[in-house]
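Take a look at this single chain in structure tokens; it is the form predicted alone.
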Amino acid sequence: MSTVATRSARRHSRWALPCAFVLVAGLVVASLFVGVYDLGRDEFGGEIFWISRVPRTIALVLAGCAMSVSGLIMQLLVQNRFVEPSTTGTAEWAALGLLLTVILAPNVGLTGKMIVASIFAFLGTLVFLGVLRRVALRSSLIVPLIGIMLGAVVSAFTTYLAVSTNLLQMLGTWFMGSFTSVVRGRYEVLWVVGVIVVIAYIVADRFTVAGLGKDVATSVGVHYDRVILVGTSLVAVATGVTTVVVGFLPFLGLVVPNLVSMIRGDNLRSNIPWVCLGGVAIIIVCDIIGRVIRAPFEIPVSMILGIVGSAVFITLLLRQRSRG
């Protein structure tokens, strides 16, 4: 009897990922046909479809995968489920780098801004990790609090610079976390984050071992510091590129990995496809809600993500407290 039940469970498990892929593919197709502009009524509908709708949907898919996987990597490297780029100050550092690029070298193109933002995100993540190593962590809740405080300091300095240079309004528009401005010719750098997801899948086992701690990783022959450096670099590039193209996407890297881990456990390699599908599904659903809830106006996807992410974050905190 138990053998039959086991075979049935394995059969359902085998079909779960293809079914989830089909469901997410349906959301992707739906995203292509949601918007104020009626594609079938006007003679320019075909051009609008390829210039605006397709790039926007591709950007949603790439950004959803990138930020979800970045959150998963950060949680393993820090050994804490409450961290992701927006709770470690990484996104704020990327914003500072982008603003400095505009102030000091306004003629730099999108690729140059992406590189500078990624470098600042990398440095900011190293600062966060360096502070963690010097603080006695008695509670897992202290880790995201440190990241949020560091991010607040950097964000305050960025705002001061923006006010001093009359770029405050532009700063708010950049980091709103909206896909409204994504069109053909302005999203292609996001393909870089697709490469990052592939690299993360290749070195997933080393991240998993590093997530067990430095002593365990070193004892099995894994170069702990090198793995930390690779993981930090991947997160920094993903955060920098996403920040430059679409702005902040808060809590996406927090919500998706935790939901996947609660359902499937902590095997990084087998979880990455689910994390990608989950990230794409959540960001597309939030984007569709933002586009239809006050049509013809549009609510930024970051606002919807912030509401959903805050609710999940509080739920995780309450679960942590109930477990003691």
Partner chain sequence: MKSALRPSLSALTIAVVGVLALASCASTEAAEPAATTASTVTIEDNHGSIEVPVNPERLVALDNTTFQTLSDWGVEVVAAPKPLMYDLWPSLVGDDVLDVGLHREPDIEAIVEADPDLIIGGYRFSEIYADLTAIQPATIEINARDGEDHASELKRQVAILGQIFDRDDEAQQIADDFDAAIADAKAAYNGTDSVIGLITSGGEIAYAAPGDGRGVGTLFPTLDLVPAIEQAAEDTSHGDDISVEAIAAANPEWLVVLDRDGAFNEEGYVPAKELIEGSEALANVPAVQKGQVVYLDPNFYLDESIQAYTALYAAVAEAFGAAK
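Residue numbers count along the first chain shown, from 1. Only a predicted model underlies this, so the values are computations on that prediction, with no experimental measurement involved.
One more form of this protein, predicted together with its partner chain, exists but is not displayed; see below.
Participant: Tell me, which of Thr232, Thr158, Ser178, Ser118 has a heavy atom within 4.5 angstroms of its partner chain in the predicted bound form?
Facilitator: Only one listed residue qualifies here, and that residue is Ser178.
Participant: Heavy atom within 4.5 Å of its partner chain in the predicted bound form: which of Ile289, Ala281, Leu259, Ile48?
Facilitator: Residue within 4.5 Å of the partner: Ile48.
Participant: My question is simply whether Pro300 lines the interface with its partner chain in the predicted bound form - judged by any non-hydrogen atom within 4.5 Å.
Facilitator: So Pro300 counts as contacting its partner chain.
Participant: Tell me, yes or no, whether Val29 is in contact with its partner chain in the predicted bound form, where a contact means a heavy atom of each within 4.5 Å.
Facilitator: Heavy-atom contact with its partner chain at 4.5 Å: absent for Val29.
Participant: Can Gly35 be called a contact residue for its partner chain in the predicted bound form at 4.5 Å between heavy atoms?
Facilitator: Flag for Gly35 set to yes.
Participant: Though only this chain appears here, would Gly265 touch its partner chain in the predicted bound form if you measure heavy atom gaps against 4.5 Å?
Facilitator: Because no heavy atom of Gly265 falls inside 4.5 Å of its partner chain in the predicted bound form, the answer is no.
Participant: Which of 142-150, 160-168, 248-256, 119-127 has heavy atoms within 4.5 Å of its partner chain in the predicted bound form?
Facilitator: Contact-bearing stretch, as computed: 160-168.
Participant: Can you tell me which residues in 170-188 come within 4.5 angstroms of its partner chain in the predicted bound form, by heavy atoms?
Facilitator: Going through 170-188 in order - heavy atoms within 4.5 Å of its partner chain in the predicted bound form - the hits are Met170, Thr173, Trp174, Ser178, Thr180, Ser181, Val183, Arg184, Arg186.
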